[in-house]
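Before any questions on binding or motion, here is one chain by itself as C-alpha cells, the form predicted on its own.
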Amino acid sequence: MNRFLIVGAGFSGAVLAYRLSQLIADCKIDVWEEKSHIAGNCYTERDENTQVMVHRYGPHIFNTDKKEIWDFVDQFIKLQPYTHKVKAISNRKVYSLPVNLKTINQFFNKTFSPAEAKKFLEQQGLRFNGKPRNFEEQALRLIGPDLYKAFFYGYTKKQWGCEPKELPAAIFKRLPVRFNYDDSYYDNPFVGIPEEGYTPFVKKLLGDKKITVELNRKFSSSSDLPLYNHIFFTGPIDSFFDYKFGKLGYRTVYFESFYADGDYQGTPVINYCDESVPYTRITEHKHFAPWETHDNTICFKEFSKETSKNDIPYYPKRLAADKELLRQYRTESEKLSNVSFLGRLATYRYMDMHHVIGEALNFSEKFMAAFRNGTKRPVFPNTESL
C-alpha cells in the first residue's frame, strides 16, 4: 500500500488529499494539521452569541474567472452569489473602494464623465524614468499624490510595517482603478461565499475513508520523513528546513472582536486609511451572509504586525533579502526525492483561494503522471519567477 503524508489541512492539502484518494485505489493518506481545526485560515464557524457565520482569520470571498474552479467548489457546498463592497474612511469622510468614478468625483468635488476623470488622473499622475520601481511609484503614476496619500499611503504603511517605497510595484497592480460607478470589489465573473461557510467544504474534501486527519500534530522533518512514500508539505518552506538559512519575512494580523446591537457599520468592510488609526479595517461578519437575518452583530478590528515565533504567517513580504533566502530554500528542496511543496506558504507567494485550488488540482495531475510513469516526482508546482 502506498502511504502519503500531507502536512496542512488548508485548501492545498485538502484538495490534494481528495484527488489522490480518487486517483489511487490502494493508498493511505495521512493529513497532519498543527491547528486545532481543518480549513486553515479559511476556517469559518458560527459565533455562539449571535449565530453569525464568522471568518475567524479574516474575510474570505471566493472569486474566480474560471468556471471549472467555481463548479469544483460548488459540487461540495452551495456557493451563494455575493457582491463585495468596501468603504474607506479618510480624513473623517467615507468613500467607496476600489477607486472609481464616484470616489474621484466625491474626493475632488467634481462631476467628471468617465473620459474627463481618466484625463484628469493622467494629469495628476507623476512620471518616472523607466518602469515604476516600487509600490509608491506605481501608485503615484496611476492615481497621483492626492488619492495616494488619502487611501493608500497610511493604510499600506500600517499593513506592511514599512514605507510603501520599500514594497514591490506588483502589489499595487492588484488594486483596480475604474472610470465608472461600479464599486463592486472584484472584477471576476464568479464571486460568492459558501452558504454554510468554508469549513464544510474542506470537511467533505477530507471525507474519504482512505484519508485520516490528525489535528494538533506538528510536522518534524528529522523524524517523520522515513515513514512515507511521499510527503506533500504546505506549510512555510523555511520551517521545513528548521530555518537553516534564516526566516522569510511575513506580516501577520490579529483581531479584536466586539459585539453590537443591530447593524454596526452597514457594510462588510471599512478600511481606515489614516495612519493615526491603529487598525487597518473593521469587518462586520453578518454582511458576508446577506441571505441570513441576525438581530445582533459581531465585528473584528484588524491589526497588522511583524510575524513573531508563535504568530500565523499571512502575507509574504518578498523583499530582496526574502527572495534570496527563498532561492536557497528552493535549491535545498530540489535535492529531495520524496517531498513536494505547494500552496502559498510553501511557495512563498500571495495567492487567492481560486489560485490555491487550481494549483492543487493541476499539481495532483502532474504528480500522478510521474507516479504512474516512474519518473521524477515534481517538487514544486509551475510557479512564476521568484
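Worth saying up front: this structure is predicted, and the values here are computed from it rather than measured. So that there is no doubt, residue numbering starts at 1 and follows the sequence shown.
FYI, the form predicted together with a small molecule isn't displayed, but the following is about it.
The contact with the small molecule in the predicted complex, taken as any heavy atom within 4.5 Å, belongs to Tyr185 out of Tyr264, Tyr95, Phe179, Tyr185. Residue in contact with the small molecule in the predicted complex (any heavy atom within 4.5 Å), chosen from Tyr315, Phe72, Phe120, Tyr279: Tyr315. Within 4.5 Å of the small molecule in the predicted complex, a heavy atom is found for every one of Phe151, Gln159 and Cys273. Proximity of Phe135 to the small molecule in the predicted complex: non-hydrogen atoms within 4.5 Å are present. The closest non-hydrogen atom of Leu175 lies within 4.5 Å of the small molecule in the predicted complex. Within 4.5 Å of any heavy atom of the small molecule in the predicted complex lies no heavy atom of Tyr82. The closest non-hydrogen atom of Tyr155 lies within 4.5 Å of the small molecule in the predicted complex. In short, of 159-167, 74-82, 106-114, 288-296 it is 159-167 that has heavy atoms within 4.5 Å of the small molecule in the predicted complex.
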